[in-house]
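As structure tokens, one chain now follows by itself in the form predicted on its own.
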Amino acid sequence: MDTITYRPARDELAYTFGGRMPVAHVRSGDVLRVHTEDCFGGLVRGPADLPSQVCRMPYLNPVSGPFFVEDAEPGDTLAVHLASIVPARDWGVSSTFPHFGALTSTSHTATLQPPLEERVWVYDIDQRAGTVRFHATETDHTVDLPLAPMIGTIGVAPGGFEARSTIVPDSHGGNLDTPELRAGTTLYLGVNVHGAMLALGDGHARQGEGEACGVGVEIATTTTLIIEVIKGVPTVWPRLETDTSIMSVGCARPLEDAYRIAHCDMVGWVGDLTGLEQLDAYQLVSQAGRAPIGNVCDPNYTLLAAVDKLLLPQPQAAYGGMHARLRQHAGGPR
């Protein structure tokens, strides 16, 4: 077991999952401490830094990696425990874009309304107080919101020799943008290629469910992960586990299909863990489940199906108790 620290130079940042050579090799049980940039690559620092002027497509949403995981093969599952997510700066930024976000016309929902104004908000981050301070741009209103660091984008290489933009969420992970990807959570990803090729980035100091404007409070982070390979156990869609809940992730458009993917996977997972017959599991998930929304702005939308473990009848430990072992190894979120 080793601790690997990786801080990419600007020209080492990646913008796809797949199609990249690994930056480092890691093994099952290793601790990986990674510096990640924000979705703007650190180029948006104030109200005058409009993303359309200081950033260049397709160089948005960079990730650090990929990391080649020894012994990871297609048909395995990669367990990634988020031990800690620490903001790397005392500020974060958010923005609105023309033709982007849930409450404007887009290239795929075309209307004749004028585009939204492009604007930047700068948030003060106080780690000691655990707050993120919102400043209105047109009035003097400010309010402190709880600091809730998360990783917006994390995944492995897709199969079939594909390279997918880091902006896209799908079965390989990617730009999931769910606040559930916080310290203390274990993420399970199906391995599609030799070495898995794990990468991550796009930290948020916090984000509302749905990420309505399409941009969280974007931050650079130092994120600590613990990695394990679960041999011979496939995972079709990303799954999450916390101390209290299990969650299945669906990514698709329209949002109903993301809902269906997540809940179909959850019904099967609950049946596997508890021995419940399919319709009994369906009924239990229907009445006990939650459906946290990740994003409704990206090329695919993200929605989760979540169930509290205490509501399941004597469940087996998911993935042989992997979350509890990694949690103990991490010593809890920091």
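Here the structure is a predicted model, which is why all the values come from computation and not from measurement. Note that residue numbering follows the sequence shown and begins at 1.
In what follows, reference is made to the form predicted in complex with another copy of the chain, a form of this protein that is not presented.
Between the options 229, 125, 252, 246, the residue in contact with another copy of the chain in the predicted bound form by a heavy atom within 4.5 angstroms is 252. Out of the listed residues 200, 176, 157, 217, 217 is the one that sits within 4.5 Å of another copy of the chain in the predicted bound form by at least one heavy atom. The stretch from 191-199, 133-141, 78-86, 219-227 that comes within 4.5 Å of another copy of the chain in the predicted bound form, counting heavy atoms only, is 133-141. Contact check for residue 35: no non-hydrogen atom falls within 4.5 Å of another copy of the chain in the predicted bound form. A residue is said to contact a partner when one of its heavy atoms sits within 4.5 Å of a partner heavy atom; residue 211 meets this definition for another copy of the chain in the predicted bound form.
Contact between residue 272 and another copy of the chain in the predicted bound form is not found at the 4.5 Å heavy atom cutoff. In the predicted bound form, residue 279 approaches another copy of the chain with a heavy atom inside 4.5 Å. Against another copy of the chain in the predicted bound form, the set 108, 116 and 311 is in full contact: each member has a heavy atom within 4.5 Å. Shown without its partner, the chain has 274, 275, 276, 277, 278, 279, 280, 282, 283, 284, 286, 287, 288, 289, 290, 291, 292, 293, 296, 301, 303, 310, 311 in segment 273-311 as residues with a non-hydrogen atom within 4.5 angstroms of another copy of the chain in the predicted bound form.
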